[in-house]
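Below you will find one chain, with nothing else, as structure tokens; this is the form predicted alone, and questions on how it binds or moves follow later.
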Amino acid sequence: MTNRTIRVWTLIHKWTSLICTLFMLLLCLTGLPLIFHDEIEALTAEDTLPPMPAETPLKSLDEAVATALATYPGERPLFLSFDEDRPVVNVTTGPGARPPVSQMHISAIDLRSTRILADLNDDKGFMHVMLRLHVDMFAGLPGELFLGFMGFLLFIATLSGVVIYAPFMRKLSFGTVRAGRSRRLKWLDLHNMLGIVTLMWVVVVGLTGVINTLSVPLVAYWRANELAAMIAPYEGKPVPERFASVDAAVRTAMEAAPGMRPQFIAFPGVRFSSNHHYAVWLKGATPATNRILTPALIDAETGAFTDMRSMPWYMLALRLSQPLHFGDYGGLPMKILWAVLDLLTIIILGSGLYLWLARRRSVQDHAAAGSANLRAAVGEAAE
């Protein structure tokens, strides 16, 4: 590369890094506890199952929904999700089909007794604050898209860093840290070395984070195209006044997709369903298909099967990017690795900011020294 090309890439690296660094530090710091959200929630969980005989029969999903509605009169069901390891369902209710999150109520219900184990509306706890800061900085969709743009700048900064790293390494062996030189040179070497070591992780986590910030527009696009085609015969039909059995809807969906299991149910009118259908979101039973969801639409008035289609590529990308972003698909060892790489990225971001400030201070000191020398020379000449 020519010197001019290197200068251009250096400027790109400098300004993209400076613009996104503080926001990336925020995301790295809030991301650390979120990596271990399952473990933290298990330690602080209030929905402990009371002891009951192992052969205790389970109540129906309809009874669980009725319990949640009785707890919050005047509300309607929105979602029902399944606990993978326990006979527990989480029922979400609200005053309308698409209320703000602050007006939703989530109840963890024991299917053995339909007793409410806990109210999961933790909108003030530590993990909730970390999640909101990480997702949208409490600014809703604009904040989410803004952080997505910062993630894109991180990708450009990483790419440009690799480009200018190549000529830098011509004179040094890989991993060299000139500890005996100035503090700034030592941190420059450390910044460059850690940047290359964490390169692929930063790219993967950064790009999956960008994809996650596009969740709202991607779901809206899916509703306007894929879902609209599936429910075309029902266009214009209102939300039914009475819903068919939830249990029957799940059975119908599972009969249409043998070997798959329900992950959650979206009730009519919500964002992940249509106005006239239950959307039973099914997942595969194997580790390879467990993250891939397929919606089965069940007529909420008659309980009849309507349609089922695989998700398009962009929704698959969205779905698969979520576990990849937080490293929660390989157990605790993967989470620990993610946390270590997160900490290294914090060091990279912090050292990059330090190097810019140190260089700026050095330039200002040289300029001040030059001005002082010039004034001295002028004074001597005047004498």
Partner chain sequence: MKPRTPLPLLAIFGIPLAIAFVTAAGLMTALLDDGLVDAVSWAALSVPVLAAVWAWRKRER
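A quick note: this is a predicted structure, and the numbers were derived from the prediction, not measured. Numbering follows the first chain given and starts at 1.
What comes next is about the form predicted in complex with its partner chain, which does not appear here.
Stretch-level contact analysis of 305-313, 178-186, 227-235, 74-82 against its partner chain in the model of the complex, using heavy atoms and a 4.5 Å limit, identifies 178-186. For the chain shown alone, Phe174 is a contact residue for its partner chain in the model of the complex, at least one non-hydrogen atom being within 4.5 angstroms.
The shortest heavy atom separation between Leu153 and its partner chain in the model of the complex exceeds 4.5 Å. Residue contact with its partner chain in the model of the complex: Arg170 places a heavy atom within 4.5 Å of it. Using a 4.5 angstroms threshold between heavy atoms, Phe326 stays clear of its partner chain in the model of the complex.
Taking a 4.5 Å heavy atom cutoff to its partner chain in the model of the complex, the contact residue among Leu343, Ala317, Ile40, Met334 is Met334. This chain lacks the partner; the member of Arg291, Arg112, His134, His191 within 4.5 angstroms of its partner chain in the model of the complex by a non-hydrogen atom is Arg291.
Within 4.5 angstroms of its partner chain in the model of the complex, the stretch 190-223 places a non-hydrogen atom from each of Leu190, Met193, Leu194, Ile196, Val197, Met200, Trp201, Val204, taken in sequence order.
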